[in-house]
Every structure is written in structure tokens, then in C-alpha cells.
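The form predicted alone is given below as one chain in C-alpha cells.
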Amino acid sequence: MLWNLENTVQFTPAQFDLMSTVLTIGYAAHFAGLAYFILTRKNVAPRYRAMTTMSVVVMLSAALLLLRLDISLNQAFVFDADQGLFVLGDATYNHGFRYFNWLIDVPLLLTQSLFVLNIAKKDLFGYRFKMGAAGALMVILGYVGQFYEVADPLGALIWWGVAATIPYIYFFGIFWRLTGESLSYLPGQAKSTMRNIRYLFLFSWNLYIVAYIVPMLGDFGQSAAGAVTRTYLFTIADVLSKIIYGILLGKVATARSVAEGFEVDGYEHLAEESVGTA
């Protein structure tokens, strides 16, 4: 797996610890998210629970992937006392595992929002297929591009900038339109939360793009500092686009549930607000 940036650089002890620490925080956060979504699933009406189930799957998938990356990092690199650096040993670090995780998570993340919107059943499958397929295609094209991140960084940029951007713009346009339309019919609490979801989606998904192009940033991008930086950016984007996004979608589902008469302990004030703003 020498085509991955991490396998071509040597890390100082501080850089190696930073890499391992951020991966550990990442999988620990997703395991915590897993527990949260399991425990709060009962807080939404049955019609919205498919969305929460998707969050459970995303949490488990992401947590296991980040755990696998941390294990891979510690297996691949050994400390060279003479140089005072962590150098590649007999194994290699496979950054491509991230794409296998995203191939599972991205279609779920894109389609779970549909379950809290007013979409006719006859249209739901079509939107799920379009957004899920576009998301999967984006991940696959990005995965191909990462094979070029060391040998031909410009080639990797072309795979993302030209190929993978097309499905990205396509599903982003659908998401932005549908969630924008929802602001006209969601009750007060759900409406304000949906606004936050839209901006979070915009920021976190574009943060992935920034992380993806780090290896193309000249000498910095091809250095150990570049490898650490993109690990931080990818992991932050994962936490925002999966955990925080799922929590906010859960708030929308809860607010809608209360507005529709579903009893949720501690949310009586939401019911009153929903009636007043409907």
C-alpha cells in the first residue's frame, strides 16, 4: 500500500502520537454516538425510527473503521531509536480503508434525512436511489484517485476535481432543495434545527474536500505534517457529518413527533411551541 502518503514519510514521536490520538478520539466518539442513538431511539415516533436506525449503523461502521486505522498505524510503524523517528516497518498503512467505510456510510447519511421530510411514498424510493447511487459513485471515484496521491498528485486532483465532483454536486443539489423546501412546513423547533443541519452539511462535506486535496499541496502535502493534517481534517469531518448531523436530525424527528401527538418525556414545551408556530 505504498501509494498512500503515510507510507512514504517518517513521523516524529509527537506527530505519530497526534495521528494515533485523533483516530482514538474518533472511534471513541462514534462508539459513544452508537450508545446515544440506541438509547434515544424511543424518543421519536415509529415513522421516524428508520432514520435513527441508520445513525446506529453509521456509528458502528465508522467506529470500527477508525479503530482499524489506529491498529493499522501502530502495526505499520516502528520507532527507530537512532533516528528518533517512527518509520515504516514490515506492514503498511492502508488509508483506503476510509473509502470502504464511506461506501457504507455516505448513502445512509444522504438518505436518512429524507425520513424526516414530507416526501410522498411514491417519490421516496427514487430520491433514495438517486442520492445513494450518486454518493456511492463519488466515493468510488475518490477511492481510485487516492491511488495517485503520491505518484501523481495532479492525477488524484483530476479524479476528484473532475470526476467525483459531478455526483457530489448532483446529490448536494437534491439535499439542499428538499431541506430548503422543508423550512416552509416544519414546526418551529424543527425548522430552526433544519437550518443548522443545512449549514452543517455544507461545512462538513466541504471539509472532506479540503482533506482530500492535502496531498496535492506541494511539499507540505507530501510530508508527515500533511499526513497528520489530513487525518485530523477527515476525522473532524466524520464527527460533524455523522455524529452531530445525526443528533440534529434526531432533534427534528423528536420535534415532529411531539407536534404530531407522540408523547416524549421532557418535551412538553416543544408541543406547546409547535402548536403556536404551526
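Residues carry their position along the shown sequence, with the first being 1. Note that the structure is a prediction, hence the values are computed from the model and not measured.
Absent from the display: the form predicted in complex with a small molecule. The rest refers to it.
- Contact check for Tyr127, Met131 and Leu178: none of the three has a heavy atom within 4.5 Å of the small molecule in the model of the complex.
- Proximity of Gly161 to the small molecule in the model of the complex: non-hydrogen atoms within 4.5 Å are present.
- Remark: Pro153 does not count among the residues lining the small molecule in the model of the complex, judged by a heavy atom distance of 4.5 Å or less.
- Interface residue remark: Ile209 is counted as part of the site for the small molecule in the model of the complex, having a heavy atom within 4.5 Å.
- When the small molecule is considered in the model of the complex, Val106 lines it closely, a heavy atom lying within 4.5 Å.
- The listed set Asn101, Ser72, Gln189, Gln112 contains one residue whose heavy atoms approach the small molecule in the model of the complex to within 4.5 Å, identified as Asn101.
- Only one of 238-246, 221-229, 33-41, 46-54 lies within 4.5 Å of the small molecule in the model of the complex by heavy atoms, and it is 238-246.
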